[in-house]
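Only one chain is included here, represented as structure tokens and corresponding to the form predicted on its own.
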Amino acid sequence: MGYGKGEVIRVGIIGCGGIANGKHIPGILGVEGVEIVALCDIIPERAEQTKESFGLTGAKVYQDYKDLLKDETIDDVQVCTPNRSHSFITIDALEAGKNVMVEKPMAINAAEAKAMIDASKRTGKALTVAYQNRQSPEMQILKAEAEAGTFGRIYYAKAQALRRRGVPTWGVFMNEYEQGGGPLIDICTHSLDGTLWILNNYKPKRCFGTTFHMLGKMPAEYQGNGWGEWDPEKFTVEDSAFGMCIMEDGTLITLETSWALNTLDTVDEGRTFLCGTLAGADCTDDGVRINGVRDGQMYVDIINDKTERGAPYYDGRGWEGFGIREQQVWYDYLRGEGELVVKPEQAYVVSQILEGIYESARTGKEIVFD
């Protein structure tokens, strides 16, 4: 860290799939003083296509990420691979002297997330996790209001990410081995991260939950998926999940998430619902609604965040600014010009809770955290 204003930060991208092409690379290209100098993918043609698509004429292309890490001129690595490989690629990159931004979720389980934190501390290199939804207007509004004391003591919150039919049929999203789970680890991870961040509460005490493998096994005539028909035999993750986590101070957080659920009560990923002693809040298509009592009268204030909705970095609507801001604050931090927005210790707690809910669903028991 400590790069000067005129010094270019050289970046290597590991994994050239949808999230790299849709978010990370456009975000980096929106930041001054940063240059993408290397691309890596296990399918080298995919890396070559990325290089051509973005006009990265000077970037080197690698098939093995370890070869990319040997380049001592690379300052920063962004890990955009399936969940299972997040931890070992990140640790190798840190050990190679690179700062790292890893795509969410931090890791496939809490133990691997902890090993990543240990590696960051051991090497002195910076580590962050790509929870770009913290940069959304609604999350920024809720965070500011919480810090201003608008809600008083927040004692109940919901982390929501509900799709009626939004099963990602590309890549390895439906593969439990590669991803570690379905909508809970994929999209509800954003909602939980944002909720914990707004509450500034990272001390879970116990949790329980359940997952459902129902609609994912249905034949084509019952699917109606917006992103095309899926193969039930390859749908090995949950299609919906629900859970509760009680924090050490008694705060209750519920989690509701789905890729496929017969409901009209759909909620985009990254949204949260808050109840405090002075006021509450939720996020709607009209904006952030804050409700409470003022001068003896109930009130509702609506703050319009002007955010268009859709699947982030897939349908191309209204999300590009989040990715640029995510990269800007990361590189500002590396230059010593700001705070680390997503601390790895925070992302670790997200992984801890998600793993607890999966374990509770598997065993039918409440999970108690140490």
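Small disclaimer: the values here were computed from a predicted structure and weren't measured. For every residue, the number given is its place in the sequence shown, counted from 1.
Below: the form predicted in complex with a small molecule, not depicted.
Though the small molecule is absent from this view, in the predicted complex it lies within 4.5 Å of a heavy atom of just one residue from Pro137, Gly171, Gly287, Gly226, which is Gly171. Of the listed positions (Ile353, Val11, Cys16, Ala347), a single one reaches within 4.5 angstroms of the small molecule by any non-hydrogen atom in the predicted complex, namely Cys16. Taking the partner from the other structure, the small molecule in the predicted complex has a heavy atom within 4.5 Å of a heavy atom of Cys40. Shown alone here, Ser191 lies farther than 4.5 Å from the small molecule in the predicted complex, counting heavy atoms only. At the 4.5 Å threshold, heavy atoms of Thr90 stay clear of the small molecule in the predicted complex, well away from it. At the 4.5 Å threshold, heavy atoms of Lys98 stay clear of the small molecule in the predicted complex, well away from it. Heavy atoms within 4.5 Å of the small molecule in the predicted complex belong, among the stretches 124-132, 217-225, 201-209, 296-304, to residues of 124-132.
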